[in-house]
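Single chain ahead, by itself, as structure tokens, in the form predicted alone.
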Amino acid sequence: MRIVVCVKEVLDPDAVNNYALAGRLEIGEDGKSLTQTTIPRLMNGFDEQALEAALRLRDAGAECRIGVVSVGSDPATILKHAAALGADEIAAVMMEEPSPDYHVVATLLSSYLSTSGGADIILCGRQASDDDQGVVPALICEALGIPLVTNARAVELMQAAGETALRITRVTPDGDEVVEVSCPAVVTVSNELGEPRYPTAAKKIAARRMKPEIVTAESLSLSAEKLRPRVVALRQFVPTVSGNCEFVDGETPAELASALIARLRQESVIS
């Protein structure tokens, strides 16, 4: 069995938020990209949990080979991190366009999956922390003609009618939902899966020797038309954040609580 995890390199969201709160987040002259070079880049958190889901399947006894693939200009850092966590193979789909839209990313990933032997299970993060789109997994399953299950908090391997299948616990607004799906399938993993593991120092050192497979659009036989973005960013800006803080007066906790309740009722927040 082959499991492929699709990962993305993003700016550290905590660092971005800290820069924004401090008023130091700046957009470059092109009006679309950040100028800060000190913000670290790392694997998207949801994608790291997708890799954790794959590793848990192997820990549970699944005989599988785990591959990790990323689209970008230089995703070596996150691929080495994936290797340190336990990936058996890593691949980088090189893209000269610095910010391809999700249609282009899905086209590259689905083409890679088709030409590299396919996959029984394709795991993706629920969404990326930088654009919060979450549509690439759906476009992959549409291109490959396989089912999609979203927002998984648990993924289990099972046998159904002699075929490999998955039992997936989904997170929904109305509670958990358990579904079964035949493989091959695309599954998106949510943060409810739990904290991903950390690589050991020995595995980090060993991962340095693993070379990623380099894949290009030319090797995938993709035309320029298929790599043409359908969604183009025109402008990015940092919104002005303003906050108003009002203190209530009172000598005791009871007086403070009464003053707060009266103020909330005045604003019709509570009745």
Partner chain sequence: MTEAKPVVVCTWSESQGEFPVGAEEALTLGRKVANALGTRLHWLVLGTLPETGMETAGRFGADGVDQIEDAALEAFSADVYLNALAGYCRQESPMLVVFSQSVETRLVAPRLAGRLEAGVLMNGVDIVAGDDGGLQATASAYGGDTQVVYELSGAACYVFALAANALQAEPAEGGPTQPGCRSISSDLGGVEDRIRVVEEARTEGPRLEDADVIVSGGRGLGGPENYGLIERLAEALGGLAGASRPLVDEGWVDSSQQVGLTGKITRPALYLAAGISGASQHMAGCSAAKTIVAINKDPDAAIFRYARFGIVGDCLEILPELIQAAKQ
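Quick caveat: nothing in here was measured; it's all calculated off a predicted structure. Here the rigid core means the biggest group of C-alpha atoms that line up within 1.5 Å when the two forms are laid on top of each other. Positions refer to the first chain, counted from 1.
Only in words, not in the display: the form predicted together with the partner chain, which the text now covers.
Note on contacts: among Thr115, Thr200, Gln159, Thr172, the single residue with a heavy atom within 4.5 Å of the partner chain in the model of the complex is Thr172. Screening Val181, Ala154, Ala76, Met94 for any heavy atom within 4.5 Å of the partner chain in the model of the complex leaves a single hit, Val181.
Interface residue remark: Lys80 is not counted as part of the site for the partner chain in the model of the complex, having no heavy atom within 4.5 Å.
Of the heavy atoms in Ile205, none are within 4.5 Å of the partner chain in the model of the complex. In the model of the complex, the partner chain sits within 4.5 Å of a heavy atom of Leu264. The partner chain in the model of the complex is not approached by Thr35, whose heavy atoms all lie more than 4.5 angstroms from it. Picking from 115-123, 143-151, 81-89, 68-76 the stretch near the partner chain in the model of the complex, with a 4.5 Å limit on heavy atoms, gives 143-151. Heavy atoms closer than or equal to 4.5 Å to the partner chain in the model of the complex belong, across 214-239, to the residues Arg228, Pro229, Arg230, Val231, Val232, Ala233, Leu234, Arg235, Gln236, Phe237, Val238, Pro239, ordered by sequence position. Once both forms are overlaid on the rigid core, the distance between the two CA positions of Pro13 between the shown form and the other one is under 2 angstroms.
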